[in-house]
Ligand SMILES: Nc1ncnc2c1ncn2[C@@H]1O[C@H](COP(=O)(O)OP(=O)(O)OP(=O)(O)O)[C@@H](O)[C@H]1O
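Here we start with a single chain on its own, the form predicted on its own, put down as structure tokens.
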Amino acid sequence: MPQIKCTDLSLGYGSQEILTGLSFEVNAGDYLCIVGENGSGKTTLMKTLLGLNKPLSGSIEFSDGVTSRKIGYLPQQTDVQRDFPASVQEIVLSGCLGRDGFRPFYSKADKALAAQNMERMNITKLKKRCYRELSGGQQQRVLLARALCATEKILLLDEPVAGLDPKVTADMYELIDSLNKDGVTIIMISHDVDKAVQYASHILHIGSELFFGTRDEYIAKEGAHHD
């Protein structure tokens, strides 16, 4: 049984359809890259998986104890968010808030989980630093640690390397790949098709044409287009 199964989804706002006839599934341990033209509905799809938007029609089924609340999310950052005046530790800990409904304080288990995920992202030494003082790459590691506090099962990443320099981008891809190898299911929006094809197990292309399949099927299809 897939962790997420989407059947004949139509997405949009109000009565305006952006995307229609979308069907795909994500199994535990998959690494799915969502690619497509700007404005094709990639972020709308992600918000729908998170329960922030409702599909216009079609169905989304979750299994394996997964709900939209149990998905870790790394959104694209706005300038205001990059300037957030909290410590690294506070931001990572805030990922625990959605786990069991609202609680006014953090438990020992929450603090242990935050410490473990800061270690995993190699940011323990930054824990007392103010988030707004960090580099772009460090901020993305903090947000990944926060997302991991929300879930151990599925991470949704919206353009996680946007605006990062080439070396930091390469490090970020390696980090995400290592999480996937540790058993975390990855669903990532990417504008970099070459990198998507390098790391992903499956590709979902949305926009003028829809494609869902394995990386090898996608490469074969794109190769046929260029012959």
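Since the structure is predicted, the reported quantities are computational estimates derived from the model, not experimental observations. Residue positions are given as counts along the sequence shown, with the first one as 1.
Omitted here: the form predicted together with the named molecule. The next part is about that form.
Only one of 61-69, 195-203, 31-39, 175-183 places residue heavy atoms within 4.5 angstroms of the named molecule in the model of the complex, namely 31-39.
The three marked residues, 13, 44 and 76, each reach the named molecule in the model of the complex, with a heavy atom inside 4.5 Å. Taking the partner from the other structure, the named molecule in the model of the complex has no heavy atom within 4.5 Å of any heavy atom of residue 210. Contact check for residue 171: every heavy atom lies farther than 4.5 Å from the named molecule in the model of the complex.
Residue 191 is the only member of 172-194 with a non-hydrogen atom no more than 4.5 angstroms from the named molecule in the model of the complex.
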